[in-house]
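Okay, so we've got the same protein chain twice, two forms, each given alone as structure tokens, structure 1 and structure 2.
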Structure 1
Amino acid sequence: MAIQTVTVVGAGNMGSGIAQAFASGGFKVTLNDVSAEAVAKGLERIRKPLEKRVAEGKMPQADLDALLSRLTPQPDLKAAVADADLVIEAVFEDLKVKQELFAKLDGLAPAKTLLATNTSSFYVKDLAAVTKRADRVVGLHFFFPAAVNKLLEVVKGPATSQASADAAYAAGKKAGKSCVATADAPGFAVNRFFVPWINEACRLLDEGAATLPTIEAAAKEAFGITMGPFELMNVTGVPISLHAQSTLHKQLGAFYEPAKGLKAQVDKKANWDLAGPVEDAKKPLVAARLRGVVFGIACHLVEEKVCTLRDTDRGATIGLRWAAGPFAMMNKLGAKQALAEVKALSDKWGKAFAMPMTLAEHAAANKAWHLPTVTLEMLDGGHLALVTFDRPEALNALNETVLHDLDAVLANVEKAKPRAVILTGEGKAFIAGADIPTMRAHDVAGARAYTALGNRVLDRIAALPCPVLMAINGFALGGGLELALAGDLLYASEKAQLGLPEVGLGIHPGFGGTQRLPRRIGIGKAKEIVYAGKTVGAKEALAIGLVDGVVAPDALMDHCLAVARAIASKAPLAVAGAKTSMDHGTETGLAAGLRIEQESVALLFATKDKDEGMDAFLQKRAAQFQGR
């Protein structure tokens, strides 16, 4: 169910941003609205900011021209959806209007077409109910501004097929989004805790617990943000917060009732006054209340199976740009303190804000939440392994935690025995380097232990018996490039940047950069890159042999999968033997290398795969290799 053509219905701020995101990802996009004038305004919303970027030298004119060439204005709804693989509605938040549109889309769009809603307030199931394709209706909740904000909630309704959800998720990733999967629940994941966080700030003000400037300051410090809840409401519109909180209240009960002060502010039709002194003594109380709301609801989300720990935290760090997600914050604060802050609210609200059992269990065991930074997916019946570095909020920077998580994932890869492995990064970076604040704290002994850990894990990648492909989707700097060099085949996005900048930090590469890089590109070029701390673009990397191919960003993963599948179709023992012969043989003299090759191929004549491969050739059929 590959999605190639996308239609966005609604050319306002959100719809035009969604259209831009998909056009940037290489999709053919049709933009629709109620009139040609409305569509033209939507296209202008896309064009003007990008033309400014071109004028400032931040975007090549050719990239803008290519993006605009993929956008088609079409005010006629029937024509707009005629060839769409995916239709996304981005009209205003009115359930009746959305249901009428979905019923119309169901009658106009081809049977194959997925229908998606960008709603943040309503159930996906309520929109699917008015169609005859409930299995092909999903939620795609973009965050404002949709062209820039990397978060996308992919919402699976009760009737949504897994194939439809997977196709929507894949399309979102291809459009450059960091996708999180959620169930069809009130507020989905992020709004479920973010909107009450804003509402609790208003309650604190209602109660006279602290002044508005104090609440703002406490929120900024506690959550590592640049705008507090009241300034955020001023920017996005105070009525929007009231609408969102009112929707949650209808669905979830008393704790979610909008604060009186929030209602009054909307009635005044005015922004919040942010001026005034900050009472530092009251900031801890405010921070504890705001954290308690977020911690409690985040645990509820996981207990209700609306969202995973990992995706809940990613929603906060990517979508809201918080310094850390709820579970990472609880780990830093300690489970017992987190429990105390949630309990204070639970004691006050009772069943309306129930105590999460999982948090109580973690506090009793003094146990941290497990938040993996590296993920593993087995594809094609286990023949392929996809390993993803998943710290997009930190550009997937390496630290001890990431290396230990990668080590654990590699152990599972070794057990699974795939025929090929692909490593890539979530978001706009492969791995942007090491976590500098962590490295800064090392002394000589700490540095020695850290580099030993890194080299052990990277050696484990290099030692995998099957080929390892690196899908370098963005920055691969420092330890990121060193990790990539442990692979067999390196493919880079056209936008990738590769380099070893360590000498600019007063150190030099320590995860094999001074050893693997010369072996790949030659000693002269390697010294130029290392000594000057040079960063090269994808085209230069290809020219000097640093990477084996350069691919358009939206086609990178498809290319790597195609290569991996071609490898996986061959005899795995033969491929493993060829890898060993090349890796070990090239580290010796020619005569020794030839002996290694000779012995390896001789041993393959004792395998069943040799018999199968040769029999299949003689019988003119496709071989079915078993790795035996």
Structure 2
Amino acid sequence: MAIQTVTVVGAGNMGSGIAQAFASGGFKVTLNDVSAEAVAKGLERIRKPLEKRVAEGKMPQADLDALLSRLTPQPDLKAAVADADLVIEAVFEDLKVKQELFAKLDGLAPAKTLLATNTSSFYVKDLAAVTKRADRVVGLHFFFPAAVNKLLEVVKGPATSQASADAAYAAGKKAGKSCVATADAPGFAVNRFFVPWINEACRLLDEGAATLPTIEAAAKEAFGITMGPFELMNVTGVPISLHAQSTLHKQLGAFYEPAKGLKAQVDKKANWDLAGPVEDAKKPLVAARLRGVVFGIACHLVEEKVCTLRDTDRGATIGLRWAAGPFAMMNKLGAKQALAEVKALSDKWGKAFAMPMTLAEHAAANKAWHLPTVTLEMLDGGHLALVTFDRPEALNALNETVLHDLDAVLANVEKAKPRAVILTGEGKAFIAGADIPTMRAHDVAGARAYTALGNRVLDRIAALPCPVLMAINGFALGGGLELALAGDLLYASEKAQLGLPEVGLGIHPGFGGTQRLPRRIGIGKAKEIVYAGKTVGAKEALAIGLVDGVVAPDALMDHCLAVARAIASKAPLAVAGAKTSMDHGTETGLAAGLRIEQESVALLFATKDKDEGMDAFLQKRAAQFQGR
């Protein structure tokens, strides 16, 4: 169910931002609203700021022209959805209005079309209920401003099929979003803790616990943000916070009741006055209260299986731009302190803010939350696996935790049997090498164990039966480059830097660099790099055959996905046979290599895919391979 055409219904601020994101992701987008004027206004919202970027030299005119050429205005709803693979509703946040629209869309859109709602406060199931395609209804919750904010919550309703959720997730990724999968629960993942965080700031003010500027300053420091809760409300509109909190209150009970001061401020129709003195001594108390709310709810989210621990943190760092997510913050603070802060609230609210058992257990064992440093996403109905190194604070350096997490991810990749795998890094590095503090602590025996672990995990990558692509998004140094060399195809961003700096640290490559590099680029060039601890830019890497392609940073993932999809469309056993023939055959003499190839291809004549591939050719149709 690959999505190519998207229709956005509602051309307001959110809708036009969503349309822009999908158009820049290469989708054909139709923009719809109640009138031609409203649609034209929506298009202006997209065009004007982008024209400014062109004028400032930040965007080539050709890119703007291409983006606009993918956007079609269509005020007629029936015509707008006639061709759509995915329809996204971004109309006024009113359940009746949305339900009427969904009933209409269900009648007008083709049966295959996925219907998505951008609601932030209603259940996906309440919209699915008015259609006859509940399995093809999902939530796609974008964050303001939708064209720019990278976070996208992909909400799976109780009746949403996994295939629909996967297709929506993949489309969101292609539109440049960092997707977070959530269940159909109140506030989904992020608003569930973010809105009460704002409400708690208002409660602190109601109680006279601190002045408004004190609360604002304490929040900024504790969460590493540039705008505190009150300034944020001024920017987004105070009533939005009250509306969101009231909805949570209805769904989740007493703890979520809106603060009196918040209601009063909305009645006054005024923004908050941010001026006044900051009382430094009261900041710790304020910070502890705000953290307590966030920590408690984050644990509830994970215990209720709304969202994973890592995605809860990503929601905070990507969507809200907090310096760290709730679980990373708890790890830094220590589970005991986090527990104390949540307990203070739980003692006050009783069942309305229940003590999360998982936090109590972590505190009792004085244990940190395990935040996976390597993640796995299955795309295209399981045909592609995307593995991401996620330790950006240390440029994804390979410590033992990362290697063990990667090992566990590879076990899941092996079970999932994808047709191609892509590995990449979060942040500005692919991987900046083995972890230097870890290595500094090792003696000979420790180094032996550590390199054995590294080599075992890298061999596991090399041994995957399907092709492995490396999307080298930034630094690939030392063990990072060695890991990339365990893949089949290496694609680098123009910004990438590749090298083996080990000799500058008093060691030499130990994760296969002295072996795999000469096999790839020849012994002379490899020695140049290893002996001098040399780092090369992407262009030079391409010239010496170290990488197989260099792509603009924004286009790297799309390029890798396109190559991976081309591979995935072919017969998987044939591709796997070709991989082993090349990998094993080139490690022996020509005669032995030719025998390896001969036996491998002969065995393929026993597969169903060989019959399918050849029948498809003879019947002049596209082949549908099963991997059997």
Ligand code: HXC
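Along the sequence of structure 1, residues get numbers from 1 upward. Only a predicted model underlies this, so the values are computations on that prediction, with no experimental measurement involved. Think of the rigid core as the biggest set of C-alphas that the two forms share within 1.5 Å after superposition.
Quick one, which of these two is the form predicted on its own? Number 1 is right.
Take 371, 51, 79, 455 and report the one at the hinge of the rigid-body rearrangement between structures 1 and 2. Answer by hinge criterion: 371.
Please work out, using C-alpha superpositions, how far the smaller rigid part turns between structures 1 and 2, and give the answer in whole degrees. Angle reported for the domain motion between structures 1 and 2: 34 degrees.
Relative to the superposed core, report the C-alpha shift of residue 471 between structures 1 and 2 in angstrom. Comparing the two forms, residue 471 shifts 2.4 Å at C-alpha.
Rigid-core-superposed Cα shift at residue 413 between structures 1 and 2, Å: Value for residue 413 between structures 1 and 2: 6.8 Å of C-alpha shift.
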